[in-house]
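Two forms of the same protein chain are encoded below as structure tokens; each is given separately, as structure 1 and structure 2.
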Structure 1
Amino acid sequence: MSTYVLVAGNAGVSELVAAAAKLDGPVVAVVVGADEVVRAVAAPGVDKIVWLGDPGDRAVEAFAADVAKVVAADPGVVFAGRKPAERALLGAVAAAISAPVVTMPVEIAAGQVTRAIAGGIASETRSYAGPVAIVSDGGAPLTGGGSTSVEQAAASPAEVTVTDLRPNEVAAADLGTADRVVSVGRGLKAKEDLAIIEALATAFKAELGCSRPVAEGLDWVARDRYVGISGQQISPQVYLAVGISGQLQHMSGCRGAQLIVSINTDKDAPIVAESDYILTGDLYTLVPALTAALG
């Protein structure tokens, strides 16, 4: 029985290959992508590549049924990353082989997976008689160098055509690789006051993040900067939470931080119990003081 890693147009699957290699059987990468993606995925740990071709102007999603067919011929555990196209391919596979889907895995062994539930406050271990479809962080791109065999497989992609791409006007935020993140929540009273948070982020050489209501409801901060269960999940060296109470959904996005610092008016806010350094007080005096101390 093979273990599969789905590759949806980019080679950022190193974590998945590492997890797949711990299970029995060969690791097979099922690739929808250009030549260079195939060359990158031909890396140590990947025993075989089944290449369904370069999507060209089709969306990777067009190949979902083709990917499912490859896995269904010899069903096994399947891994895919968290990105949209990766999820679409994994969903088609889960449908085709009737496999349960597991998200947020913590520990994966043959026939058994432990996953985090409820935003990471609890875990649950289940045993499985058949294959499971696992969604997890893809990790860094593979860079080739393996003795991997490549088999080209015929595909009959669906009519899903990319007709246009309007690039972002501002570069997408990359909170995931930032060492320091200053994140702001509902404790901020007005959009204009973001200036003091931005000044702190600059002095701290940090990226700006926020809690969900600040991005989605108030629209004060770009949506790709929102930290939480359905937003960014980050593990910086320092996470400085300003005016954030620390509800479950938010904490599941930042719990991996090495150090958490909280500035909050409420000494009983949930974030206090999850902080390394706690500053209880008004952010409007503490933030400028901290910016000055860093400057």
Structure 2
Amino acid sequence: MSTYVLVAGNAGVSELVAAAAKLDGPVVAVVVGADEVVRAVAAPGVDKIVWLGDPGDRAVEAFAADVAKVVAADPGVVFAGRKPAERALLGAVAAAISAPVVTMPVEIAAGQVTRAIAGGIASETRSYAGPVAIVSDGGAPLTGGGSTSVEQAAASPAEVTVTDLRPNEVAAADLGTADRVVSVGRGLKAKEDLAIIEALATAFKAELGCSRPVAEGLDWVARDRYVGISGQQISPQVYLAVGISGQLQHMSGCRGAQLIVSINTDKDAPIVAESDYILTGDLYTLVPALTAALG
């Protein structure tokens, strides 16, 4: 029985391949993408590539039925990332092979998946005896270097084409691949004061994140940068939370960090119990001092 990794137009599947390699059976990457994507996916850990072709001006989702057909020939565990096209392909596969879909996995082994529930404050372990579809973080792009065999399969994509592409004025943030993240919350008094947080992130060589109210309530930071159960769920090496109380909605998005450091005036804030290190005091004093020290 093969284990599948669905590749929807980009090679950002390193974490999926690593998870798939821990299971029994060969790892097969089913690729819809350009030739350079195929070359990148031909990396250690991938035993075989089934290439359905370059979508060109077609939407990747147009190949959903073709991807499902490949997997249905030898159904097993199927991994896909969180991006819309990846989830669309996985949905088609899950329907074709009658597989349950599991999200937010924290541990995957042969025959069972452990996932976070209740906003990350608890977990449940599910056993499976047949095919299962798993949605997880894709990870960094693969960079080739393997001797993976490539099989080009015939595809009959649906007539779904991309008619217009409108890039965002600001590039979408991908905090999921960042080693360090500095996030700011409602402890910040004004939008103009974001400058001191951005300076800290620059000095710390970190990505900028925020709590949900800062992005959706105040519009101080782009919405693709808020961390939480309904936002980005990340696992950086270091997560530095500035002026964030640490409610459940937020902590479920950053609890996977290897190290959590918080700056807060309230020594009894919920985030204190989640932190490895706590700096208690006014962020307007501590942040510039920390930035200067890092500089």
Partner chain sequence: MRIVVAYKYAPDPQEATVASDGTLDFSRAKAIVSDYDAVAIEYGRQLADAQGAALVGVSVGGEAAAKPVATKAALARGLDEVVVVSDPELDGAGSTRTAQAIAAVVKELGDVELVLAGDSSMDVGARMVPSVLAGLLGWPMLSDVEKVTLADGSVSVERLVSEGVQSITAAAPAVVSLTSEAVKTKAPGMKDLLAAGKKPVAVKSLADSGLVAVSEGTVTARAKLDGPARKGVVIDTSDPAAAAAELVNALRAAGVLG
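Here the structure is a predicted model, which is why all the values come from computation and not from measurement. Whichever C-alpha set is largest while still superposing within 1.5 Å between the two forms counts as the rigid core. Here, residue number means position along structure 1's sequence, counting from 1.
Taken from the structure described as the form predicted alone is structure 2, whereas structure 1 is drawn from elsewhere. With the core held fixed, the Cα of residue 266 is displaced between structures 1 and 2 by 2 Å or more. Annotation for residue 178: C-alpha shift of 2 angstroms or more between structures 1 and 2, rigid core superposed. Relative to the superposed rigid core, residue 90 undergoes a CA displacement smaller than 2 Å between structures 1 and 2.
Look at residue 192: with the core superposed, its C-alpha moves 8.6 Å between structures 1 and 2. Once the two forms are overlaid on the core, residue 227 shows a Cα shift of 2.7 Å between structures 1 and 2.
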